[in-house]
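Presented as structure tokens, the chain that follows is alone, the form predicted alone.
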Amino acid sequence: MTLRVLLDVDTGVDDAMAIQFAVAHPDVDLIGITCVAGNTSLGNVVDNTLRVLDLAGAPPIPVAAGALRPLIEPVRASHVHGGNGLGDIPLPESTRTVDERHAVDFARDLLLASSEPVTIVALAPQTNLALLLRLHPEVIPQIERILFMGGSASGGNATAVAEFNVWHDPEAASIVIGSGVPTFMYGLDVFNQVTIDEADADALLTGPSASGRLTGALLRHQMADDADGEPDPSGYAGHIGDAGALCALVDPDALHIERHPVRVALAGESRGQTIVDRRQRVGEDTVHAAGSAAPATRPTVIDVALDVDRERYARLFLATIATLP
């Protein structure tokens, strides 16, 4: 079944692979892309997105620029995507044009004009989506669901407990999760598992496909996970990162998914943490809140990916990228 998809991106290394996957996979009808500051500046995000679409031989998919910064926090670009956001890999300039509308207005018009509900795949801080849902709640019936790469049911990468996309704009993530739109969290628990063997990356890097060569180079860029930000000492990591969220879209059966209450911590050292409540029974917090003057707000129950068949997604990713020019 073909899925109508609106991508929201902050095109860095792994977003670029996700865009290529979305262009290539036959079950994805990519109807638009919105851009937001995150991995790199908004200008870089837009430029990278257009260049990657060119290399993938994509049709004229509309692209719109959105939020320059989070709702409250300053811009805090990731240090792991290089100076241009693409691991400093040079790509030819694009002749594509950017839609003149702000991403929020663009998304509103696109959703309301769609003949069927649209799935939003968010691979970035969710600033654009939060603004869309607050400014234009009339679009909610037109959203099939929001699948977002972000959060974690375990540890973090931006902080000890917070994943980068949610940490970058916690208020936005909280708004989206609590919006009432069906929501699916593809977080670090599965994000960090899906990798491509070095030999396969080398085959892409030296192959005949321009998209394959870009993918091979992106896989070789190390998005460091260690505490000091240094590259993996093995010299190769091979994470497909955000592209795994697109794999989840087209092949959800490779995931172990559970439904749990989730909320975003907005204060203190845990700010930006997605608190995934996996308890099997009512806790003391709920019991004692029941007798208080101001009961605690109940977290929203969403789908959470907790484990993945990593080899299955690696095969799916490679097979899909292999179809690109």
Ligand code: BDR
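Numbering starts at 1 and runs along the sequence shown. Computed from a predicted structure; not experimentally measured.
There is another form of this protein, the form predicted together with this ligand, and it is not shown here; the text below is about that form.
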Point to revise | Interface residue in the model of the complex among L123, A103, L218, C247, criterion: non-hydrogen atom within 4.5 angstroms of this ligand | key: L123
Check your understanding: Thinking of this ligand in the model of the complex, which stretch from 104-112, 186-194, 206-214, 251-259 has heavy atoms inside 4.5 Å of it?
Key -> 186-194
**Study point:** Heavy atom of D242 within 4.5 Å of this ligand in the model of the complex
**Key:** yes
Practice item. Please run the contact check for N157 against this ligand in the model of the complex: heavy atoms, 4.5 angstroms, yes or no? Key: yes
Practice item. Answer for D169 alone: is it within 4.5 Å of this ligand in the model of the complex, judged on heavy atom distances? Key: no
Check your understanding: Would I177 count as a contact of this ligand in the model of the complex, using a 4.5 angstroms cut-off between non-hydrogen atoms?
Key -> no
Exercise for review: Output the sequence-ordered list of residues from 1-18 with at least one heavy atom within 4.5 Å of this ligand in the model of the complex.
Suggested key: D10, D14, D15
